[in-house]
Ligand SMILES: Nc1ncnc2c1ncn2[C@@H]1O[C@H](COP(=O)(O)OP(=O)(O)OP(=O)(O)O)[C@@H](O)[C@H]1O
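Here you get one chain, nothing else, as structure tokens; it is the form predicted alone.
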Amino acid sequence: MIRFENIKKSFGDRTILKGISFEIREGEIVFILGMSGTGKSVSLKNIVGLLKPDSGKIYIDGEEISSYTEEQMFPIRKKCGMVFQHPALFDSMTVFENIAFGLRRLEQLPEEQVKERVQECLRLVNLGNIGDKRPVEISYGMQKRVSLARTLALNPRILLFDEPTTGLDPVTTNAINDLIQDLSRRLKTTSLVVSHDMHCALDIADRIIVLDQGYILEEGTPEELTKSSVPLVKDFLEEALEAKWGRSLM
């Protein structure tokens, strides 16, 4: 469904991606892990055309998109729903209006259908009757879920998450992870999650890709990565175990 072939991306004299290749199959939950500045978010933005690779090819559903114009990217973006690190809700709008925004602007549905779809999406993210509240009146974790509901409203086949649990407490982090897994399975979407949290990845990922200094350092299932001898991967595993059990692997 998503395939990178030798993708390179630089900003000035700094090369972020140095020729990475990977494939994500339909229906998978795949985590891209790595330290800050290793190209995780840059990879997501290349998928939806917010950035263009300097070289290499990107395929979505077998369609090579890396040189597409803005107009050509429109149907590709309709397949993809991107959930950013911060909720980015409109403070002047209610929760209902935030979720309905894309439906009204892009789908031009009758208002009754908009209302039904908004309520359906609120139920999908386990939120009750908060449609009339404004973002400042709900918790940050709830704002994250509203942001996800807004993305789901347009029925994307691919969900792209950029650090979805940043700034959340452990309980809310687990709830968001459970939600990502549940929605991916229930709605049969393909989910790509950019994160630095190995604990989250081990819990819900089908596969994990570890980036470091512009290269793919390791790739495999959670079980395969727990047996890794690569120092950075072992460091991630150490932090994940300490976060879960409060003790070290050593």
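We number the residues from 1 along the sequence you see. Predicted model, so just to flag it, every value in this text is computed and none were measured.
The same protein has a further form, the form predicted in complex with this ligand, not shown here; the description that follows concerns it.
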Spot the stretch among 61-69, 217-225, 184-192, 36-44 with residues whose non-hydrogen atoms come within 4.5 Å of this ligand in the predicted bound form. 36-44
Can you pick the one in Glu163, Asp178, Glu97, Glu120 that has a heavy atom within 4.5 Å of this ligand in the predicted bound form? Glu163
Between Ile20, Ile16, Ile24, Leu237, only one gets a heavy atom within 4.5 angstroms of this ligand in the predicted bound form; which residue is that? Ile16
Residue-level question: is His199 within 4.5 Å of this ligand in the predicted bound form, judged on heavy atoms? no
